[in-house]
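One chain is shown next in C-alpha cells, namely the form predicted on its own.
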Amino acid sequence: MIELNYRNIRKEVIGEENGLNIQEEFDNYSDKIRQIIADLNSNKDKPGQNLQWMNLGYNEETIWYVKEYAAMVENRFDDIIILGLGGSALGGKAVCEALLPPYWNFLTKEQRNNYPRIFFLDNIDPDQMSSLLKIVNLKKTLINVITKSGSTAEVMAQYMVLKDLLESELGDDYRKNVIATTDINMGILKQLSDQEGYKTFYIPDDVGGRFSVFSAVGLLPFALVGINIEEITQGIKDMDLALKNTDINYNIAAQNALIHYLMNTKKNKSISVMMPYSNRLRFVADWYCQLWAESLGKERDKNNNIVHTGQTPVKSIGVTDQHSQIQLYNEGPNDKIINFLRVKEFDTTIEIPKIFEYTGISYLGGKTINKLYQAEADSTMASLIDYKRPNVTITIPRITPYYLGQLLYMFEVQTAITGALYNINAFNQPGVEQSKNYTYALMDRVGYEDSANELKQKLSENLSIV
C-alpha cells in the first residue's frame, strides 16, 4: 500500500514553533475524525451529498461500456483529442502522463502497440489549437467532448470549431468521430448528442468535475490508449477499504488531512506544496492543485460565517525545483508544508559509467541515476529539517495503474476530510461560477444582458485608471 511518513512535522524534529505533538493531536481529534469518516461513508449513496465519487471504483457498468467502446473502435483512429477544462482534463492528463511510456505521442504506431496518440486540448489558446490541427488528420481523429453542464463556453467553442471542420471533411459520417461525456439528463451537450447521434457517456449525479477522474471522464480515454482500467479500479477499491477505518492511527488520508488542517490553523502554514520526485507524476501535482484549491478555498463555512479558508497549493518538481524554489522554501517565509511524492522502484535503472576518474565528478561513476535521484530527495528533505520546515513524504511502491488509483483516491478522501475539519462545503465552487457568468455576459449570452452592461462599465473604469 501507499505509505505516509509524517515524522518531519513533529515538534521533536522541527521545533515547537513549527511542529506538532502529533500523537496528542491524533488523540484530541480521534472522535471528530471517526465521525467525519463515518458520515462520509454513510452519506455517499444519498442524493445531494456530492459523494458519488466514492462509488466510482465499483461502477462495473461504466467499466463494461467503456471497454466495449474501446474494443469497437480499436485501430480506427490515429489520434484522440480531449476537449475539457479543469477536472474534465487534469485527471486524465495526470494518469496518461504517469502510466503511458514517456513521450508517448512521439513514439511510432508500432511502439505504441497500435494505440492512438492522445492530446488534451485543455485551454483555448488559439495558437495551440491551430498548431494541433496541423499535425493530426481529422479523418482519423476521435474527438471526446467533456463537459457535465454542457455549457462550458471554452469547451463548446472548441467543439464548434472541430465539428465544423470534421463535417466539411467527412459529411454526415463525421458523427463517428465524436463522443460526448456529459450529464445524463440535461444540458446543451446532452441535447446535441441526442440530435446528432453521438456515442455518449455519462457523468453520474453528485460527482463534481475535480472528483470525476474515475468516471467515464477518465476511464474512457484511459481504455482508448490501452491503460488497464480494471487495475486502476482495483486500487481504488483496496484503498477505499483501508480508508473506511475510522481510527486515525490507521488511516493515512485522515492523518494527512488533519496534519494540513492543523499546520494551517495552528502553525500558519497557508501553502501546501506538492513535490513529486518522478517526472511521470508531474501532472498529478497539477491535478492535486485543482482538487485542493477548488475544494477548500471558500469564503463561508456551512454556518454562513465568513472564514476565507484554504491553503494555496503549489506545484514543485524534484529535482528541477531544487535549483530554484527550494531557496524560497528554506530561507523564505516559513508558511508552507511540503508534500514529497516518491516512488520506491522505477521501471528502469541507468548506470553511470566510470569515466573522468581524475576529475571532480569521478564520484558519480559506477553508481546509478536512480541512486542520485533518491539522494537528491533525501538531501532536500534534510535541508528542510535544518531550516525547521514541515514536510511529509507519500511513497508509492511503483507507478502502476493499481497504485495510481490508490494515490488519487487517497487524495480525494483526504480533501473531503479536510473540508469537514474546516466545516466548509468542499464540493461547490461559487468563486469559479462567478467568473463563468462574467464570461457569458461578455460573450453576449442571452439572459446575461444586465450583467454585461454592469461588467463592461466596471472594466471600462479599470482600463481608464490604467
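A residue's number is simply how far along the shown sequence it sits, counting from 1. The structure displayed is predicted, hence computed values, not measured ones.
There is another form of the same protein, the form predicted together with a small molecule; it is not shown, and what comes next is about it.
I need the one stretch from 149-157, 350-358, 171-179, 385-393 whose residues put non-hydrogen atoms within 4.5 angstroms of the small molecule in the predicted bound form. This holds for exactly one stretch, 149-157.
(message) I need to confirm a contact call. Of 99, 136, 293, 85, which residue comes within 4.5 Å of the small molecule in the predicted bound form, counting heavy atoms only?
(response) Residue within 4.5 Å of the partner: 85.
Proximity to the small molecule in the predicted bound form, single hit among 260, 93, 210, 298 (heavy atom within 4.5 Å) = Here the answer is residue option 210.
Open item on the list: Can you tell me whether residue 52 touches the small molecule? I mean in the predicted bound form, with a 4.5 angstroms heavy atom cut-off.
Closed with: Although the small molecule is absent here, residue 52 would stay clear of it in the predicted bound form, with no heavy atoms inside 4.5 Å.
Practice prompt. Report yes if any heavy atom of residue 30 sits within 4.5 Å of a heavy atom of the small molecule in the predicted bound form; otherwise report no.
Written response: Close contact is absent here: in the predicted bound form, residue 30 is far from the small molecule, nothing within 4.5 Å, heavy atoms only.
Would you classify residue 38 as touching the small molecule in the predicted bound form, given a 4.5 Å non-hydrogen atom cut-off? Residue 38 lies outside the contact set for the small molecule.
- [ ] May I ask you to state whether residue 62 is within 4.5 Å of the small molecule in the predicted bound form, using heavy atom distances?
- [x] Residue 62 lies outside the contact set for the small molecule.
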